[in-house]
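As a starting point, one isolated chain is supplied in structure tokens, in the form predicted on its own.
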């Protein structure tokens, strides 16, 4: 396994059956599809993977099935975000037993934490879990934002080896990149896929791009172009990324991002489109809109 994770690490969706179980057949097909695109790792049980709403048994099953299917071909990061620290610790232990490379934790939600409390939380969590830890900044979901100063301080804590920034704030990300420039033991990833090229160009180590569930080659190509500073190629690929992003704005709710990806994968016969309750997949009107967008995309 790499000392420092780099590249494209897709936040894998969680294929489900109609009755809410893990769609193991669909999961295998999805993982083989993503791996064939040349990705550098996988992130399960994140926001795109509906991790926090799956429940412990489904999360445990997803970890075990994914690790077994992948068989060590790429590093696996397991999301352990939870409101209760003990739940996060249990998930990390399951992930370690199944061979995961690291754990990813957003701040605990419901109660808002101040910066000193966040620092104490992560310092305590990393001591309790048996895996290296990635910080996960997802303020849209947790209502708590990891400030650059918090990330920079926590980057010096033993066992904390990376950061995934899904805040969408490039100034904050640039502040972290400048402060941690030259660190060969700490990975910095960007979440929003439309920011992937810029982030890597300025020193980020890669992206956790939800669209890589559908077209992994597109995001691997953008990462490689940005890593070598190929601006014309980045511009060409950015147009394709923006074309694909139209899938995320079909429907009327924030869940449309996950629905758009799952519907697309279903239409391409990769896996099912069922979501964890209380959410439901697109109806025919939205499915037709997804079809129209897919017709404009290259199958890579």
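Not measured: the values here are computed from a predicted model. Positions refer to the first chain, counted from 1.
Although not depicted, the form predicted in complex with a further copy of the same chain is the subject of the following passage.
Does each of 121, 171 and 239 have at least one heavy atom within 4.5 Å of a further copy of the same chain in the model of the complex?
Heavy-atom distance to a further copy of the same chain in the model of the complex: all three under 4.5 Å.
Could you spot which one of 157, 201, 152, 217 gets a heavy atom to within 4.5 Å of a further copy of the same chain in the model of the complex?
The residue from 157, 201, 152, 217 that makes the contact is 201.
Although the partner isn't part of this model, could you tell me whether residue 231 comes within 4.5 Å of a further copy of the same chain in the model of the complex, counting any heavy atom of the residue?
Contact with a further copy of the same chain, yes.
Does a further copy of the same chain come within 4.5 Å of any heavy atom of residue 47 in the model of the complex?
Output for residue 47 is yes: heavy atoms within 4.5 Å of a further copy of the same chain.
I'd like to check something about residue 284: if you look in the model of the complex, is any of its heavy atoms closer than or equal to 4.5 Å to a heavy atom of a further copy of the same chain?
Residue 284: no, not in contact with a further copy of the same chain in the model of the complex.
So in the model of the complex, does residue 53 come within 4.5 Å of a further copy of the same chain, heavy atom to heavy atom?
Because a heavy atom of residue 53 falls inside 4.5 Å of a further copy of the same chain in the model of the complex, the answer is yes.
Among 92-100, 206-214, 187-195, 68-76, which stretch sits within 4.5 Å of a further copy of the same chain in the model of the complex, heavy atoms only?
It is 187-195 that comes within 4.5 Å of the partner.
Determine the residues of 101-132 with a heavy atom within 4.5 Å of a further copy of the same chain in the model of the complex and present them in sequence order; the list may be empty.
Sequence-ordered list: 109, 110, 111, 112, 113, 114, 116, 117, 120, 121, 124, 128.
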